[in-house]
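Given next, in structure tokens, is a single chain: the form predicted alone.
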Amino acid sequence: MRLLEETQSEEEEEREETMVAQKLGGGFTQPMTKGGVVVGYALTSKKIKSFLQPKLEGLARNKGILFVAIDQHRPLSDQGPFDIVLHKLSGKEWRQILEDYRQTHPEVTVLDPPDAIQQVYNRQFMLQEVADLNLSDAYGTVGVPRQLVIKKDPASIPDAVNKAGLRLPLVAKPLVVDGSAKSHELSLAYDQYSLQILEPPLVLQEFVNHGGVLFKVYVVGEAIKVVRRFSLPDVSKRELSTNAGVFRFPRVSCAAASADDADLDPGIAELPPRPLLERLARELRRRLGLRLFNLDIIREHGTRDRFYVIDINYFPGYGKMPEYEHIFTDFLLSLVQSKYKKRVGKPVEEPLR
């Protein structure tokens, strides 16, 4: 819903506010009409294919939401008008365009602020907010694996690992997440000597045995959805003493099949406690300044309540999330509803926790 210009008459404002209130109160059940919610999107072709699926666009239309492609070859301010800008493109130039647009169009919700996104594109800082949070309550603890950043000189890695006191095996991940498949590849190093063949810049994380299952926690505003994914298998002490070298893997959590229907040990398959995830997601939304992200979480094998966040992804593959169409469209409507209530001076109800 576009905000009105101050030059409009009070009568026009009242007429438009009534129309918006009717739409918002009625859940946007009517087909798209003038005055609906316009979402401009700037996404890669791969993201468009996986996210903007026909079912999502059809449901959005029925709720009064229209997705409009942003032309990257034209000034952003000349396009629209938009109520929401949804984006996942890389590059300093694009970030600056978005930042300028946010300053000149404060009435438009940009998902999400480009400066906030940058933190989770660098694995040196990605997990820092989780580590600082040091979450611990009656439902369990959430931390991060011990890690070491190596920016150059692979020959120095063994000494750096010794000084840091990291235990083998170690997971090696590219330092920067740039959207390429390579930036999500990982390697598992079993011995000190093999560390020298790794390619900096990278992050080394201690490998935590977790029963070969990780939990992908999708966050869309206030909504949370959890799915199981197969992951790297546990490494026994015997394997660690007999194996050597570096084993390379593709993007494990995306390439692997869902573990939701697998016949797993209950101690491995049990989802993390909902209250713990809700508190974690709420804190990270605030600390990171993001509303669209997911967490890759593992449970330390042999424990019931010790969890580790091993990765954070901005605007992940929501197409793999059950019922994402309903969750995402409801989220978009909630953003417009919140702005409308603030504009007409009504208190915004706090969402249920």
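Counting begins at 1, following the sequence as shown. Quantities reported herein were computed from a predicted structural model and do not represent experimental measurements.
Quick note: we don't show the form predicted in complex with a small molecule, though the next part is all about it.
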message: Heavy atoms within 4.5 Å of the small molecule in the model of the complex: which stretch in 107-115, 194-202, 169-177, 237-245 meets that?
response: 169-177
message: If the cut-off is 4.5 angstroms on heavy atoms, which of these, 220, 208, 76, 277, is the one near the small molecule in the model of the complex?
response: 208
field: Listed residue (232, 157, 224, 85) with a non-hydrogen atom within 4.5 angstroms of the small molecule in the model of the complex
entry: 232
query: So in the model of the complex, does residue 186 come within 4.5 Å of the small molecule, heavy atom to heavy atom?
result: yes
message: Is residue 139 part of the interface with the small molecule in the model of the complex - any heavy atom within 4.5 Å?
response: no
field: residue 298, heavy atom within 4.5 angstroms of the small molecule in the model of the complex
entry: yes
- prompt: Even though the small molecule is not shown here, does residue 228 get within 4.5 Å of it in the model of the complex, heavy atoms only?
  reply: no
